[in-house]
Each structure stands twice: as C-alpha cells, then as structure tokens.
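One chain follows as structure tokens, the form predicted on its own.
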C-alpha cells in the first residue's frame, strides 16, 4: 500500500461572524497514524469536512496526495472517510453497503469482504435500526473501506465501542498504517488513542496548539517523583535540601522536576532508606489538557 500525504495548509473557515478554524496547518504522513485531538467544538470536524470537500474553505488549502479532494479522479479509491454514523434504519448492513458500492465502483463481493473485515458477518442481514453505537461505528468503517483506499479519515472512530471493540479498532488502524496506509483520526480524548497514534496534532478554539510525534509530546510532561521512607528525620532533611520538595506525610516526599531515578540518587546520597519510589508527574492526558486549557 502506498498511502498519500495529507496536507492542511493555512486552513480558515468562517460561518458568518464565527471563525470555526483559523490558519490550521499540519500533515498526516503515509505509514503513520496521526491523531487530530481537541475538545468538543475545537474545530476538528470542520477541518475534516473541509479536507473532504464537504465545506469550502474561506482561506487556505487541503490536499490529499497533492490534490484537493474534489479534483481526485476516484476519491473513494484513495481515501475512505467515516465522519458520521447515519444509516437508513430499515436497511440491513449488507443492503447499506450494496447501495453505496456502485457510487464508489465496488462490487457485491467487496461488500462481503469489508463486512467480514470489520467483524459484522453475523449481523450482515440485520436491520441497522437495531444496531448498537459500536456496531454502527464498524459499519461506518466498512463503508469507508469499500473503495479499497490507501488513506483513512476517521472522526471519533472509537466512540461507542466497548473495550474489546477499542482494542480491535486500534489493531486494525495500526495494521493499516503498518502496510503503508495513511491514517488521520480525530478524538477529544488523548487517553483513548494514546496507544494508537504515532503523531499528534492538538487543536483548541479553532487553532493548532501543538503538532509533533507522540514521543515529543511526552517530553513536554512536567516530571515529578515521590518516595516513601521509614526514616522521617532523614527524609525531612532531604526535603529541606531539594527545591520545591513537599512532605505529604512524615514518611512521604514528593519533588517536582525530578525523575524517579534522580530522586533515588539524592536519597541514596543522603542515606535515606527507600521503601517506595514512583513517578508522579504529568500524564500524557494531563499534558493534552494543559495545552488545550492554555488556549482558553
């Protein structure tokens, strides 16, 4: 699979007096999963809808494989999109796919293939009106896969999935990227996609606040460490010697801006007996929340 580069360049969209997104720029690369993250109302859906030609930008460009979506010859063969989970409730899952298939040049056999891929074979002839939210999400993904695309654009794909479904979705997306595909997925929860994405783009109040690899985002976390010791006297002296250190109890010490290894080294040098040494700094989700709250 040879996935296309997805490029968002200076994208701005206004609706009357309201600016939904402003000067949004980032890329999603082939062979990688890019998480497009932000709170509800941050501008994620507007950006994705503009990328897919459903909304005309006020300024800027969105390109898939170097071309705007409306200029693609066979768009469904290049990019599959799952933005909404709206289906006719009276149709079966298979009938839904067979209705869409002619529009994207797919065969009935392909409908059977994708419904098996997303694990809905046993529910293929059930009416969609009786589907759970998670089953609708799987059917939406099957619809996106009909044209056998090399890129996927997924809006909140884990919404409504149970833990097993989230694990399945994670594995599918990772495998798609591992075979060279391009994946751009949105979420309002970093913790939900932390084990899925390679790169992160954080948007808040219509502007990109951060874009990097997931590893680089981890480096922004404020470190802290804590330890427990039965030697209250020596622990108190250690607390006095370390800037910002706090004794949360006579036997428990927390120190900001230090890793557990660094705090352990200080304790060893001070002769402090250590019974517990843990990382208590920011989680990745806390870094995400800090970046979005700074935009408020």
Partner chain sequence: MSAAIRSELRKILTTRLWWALLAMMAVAVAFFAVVFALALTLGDTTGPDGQPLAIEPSHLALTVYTAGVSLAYVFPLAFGAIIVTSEFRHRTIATTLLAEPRRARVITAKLLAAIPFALLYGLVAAAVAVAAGAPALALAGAETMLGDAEVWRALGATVAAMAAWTLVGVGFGTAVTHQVGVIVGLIVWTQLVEPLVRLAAGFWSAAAPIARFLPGAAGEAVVGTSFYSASGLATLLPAWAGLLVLLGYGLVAAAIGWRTTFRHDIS
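Note that the structure is a prediction, hence the values are computed from the model and not measured. Residue numbers count along the first chain shown, from 1.
The same protein also has a form predicted together with its partner chain, omitted here; what follows describes it.
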{"property": "Heavy atom of residue 54 within 4.5 Å of its partner chain in the predicted bound form", "result": "yes"}
{"property": "Residue contact check: residue 84 to its partner chain in the predicted bound form, 4.5 Å heavy atom", "result": "yes"}
{"property": "Interface membership of residue 108, its partner chain in the predicted bound form, 4.5 Å heavy atom rule", "result": "yes"}
{"property": "4.5 Å heavy atom contact, residue 143 to its partner chain in the predicted bound form", "result": "yes"}
{"property": "Single option in 214, 120, 101, 158 placed near its partner chain in the predicted bound form, where near means a heavy atom within 4.5 Å", "result": "101"}
{"property": "Single option in 127, 218, 179, 222 placed near its partner chain in the predicted bound form, where near means a heavy atom within 4.5 Å", "result": "127"}
{"property": "Contact segment among 54-62, 234-242, 263-271, 36-44, judged by heavy atoms lying within 4.5 Å of its partner chain in the predicted bound form", "result": "54-62"}
{"property": "Stretch 166-185 - residues with a heavy atom within 4.5 Å of its partner chain in the predicted bound form", "result": "none"}
